[in-house]
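A single chain comes next, written as structure tokens; it is the form predicted alone.
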């Protein structure tokens, strides 16, 4: 079903994802309906494929965003705290914010400062996005995603939107107990989605899901130590 859910509008795209079984819960459907991909993808926003957003980065295909939301859904409850690593243009960060509600908090981290600026500007295209930023419901920062964002840890859910070269224990340590992480990880010449669960006792379980192709999780050589969206 993946790659076959393209639409002519945001509502059409989300409905096709729902019909294909890629969105199963109405809360996820509603959260994605509230975030217009045209604000976050500069070309072909309703096509079910990755799209370039500049700086050798992409916004993932809609079906991958739906898969991430579905995998993390038990931990995306109202009031939850979420870390979105490789937040890019800010789309999925905004979807997560809809899922956790105004009482929750979403931290979006990207290592490319112009992309963080882009994500702030994209969110400010809508009244809901401006409210998320101004209220502190969403915070967008420039930082090395491989290190997570420990100053706001622990997190109920962590989403990683770039392929890690290994399982980063530093990220797993920032999960709550219980908590869950959705992360693509390189294995040999391939990449696979892993769902990493931490139980109430702090024990870690990693489950390999399916093969994917993401840009690598890395740090920009010229990136500053950190820049916070609230100062932009």
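Just so you know, these numbers come straight off a predicted model, no measurement behind them. Positions refer to the first chain, counted from 1.
A second form of this protein, the form predicted together with a small molecule, is not displayed here; the remarks below concern that form.
Point to revise | residue 59 within 4.5 Å of the small molecule in the predicted bound form, heavy atoms | key: Close contact exists here: in the predicted bound form, residue 59 approaches the small molecule to within 4.5 Å, heavy atoms only.
Exercise for review: Look up in the predicted bound form whether residue 146 has a non-hydrogen atom within 4.5 angstroms of the small molecule, and give yes or no.
Suggested key: Taking the distances in the predicted bound form, the answer for residue 146 is yes, it comes within 4.5 Å of the small molecule.
Check your understanding: Quick one: is residue 153 in contact with the small molecule in the predicted bound form, heavy atoms, 4.5 Å cut-off?
Key -> No, residue 153 is distant from the partner.
Review point. Is residue 88 close enough to touch the small molecule in the predicted bound form, meaning at least one heavy atom pair within 4.5 Å?
Key: Residue 88: contacts the small molecule in the predicted bound form.
Check your understanding: Heavy atom within 4.5 Å of the small molecule in the predicted bound form: which of 72, 109, 100, 123?
Key -> Flagged contact: 109.
Practice item. Could you tell me which of 27 to 35, 180 to 188, 161 to 169, 198 to 206 sits within 4.5 Å of the small molecule in the predicted bound form, going by non-hydrogen atoms? Key: Looking at the partner contacts, the answer comes out as 161 to 169.
Review point. Taking 65, 115 and 217 as a possible spot, do all three reach the small molecule in the predicted bound form with a heavy atom inside 4.5 Å?
Key: Every residue of the candidate spot has a heavy atom within 4.5 Å of the small molecule in the predicted bound form.
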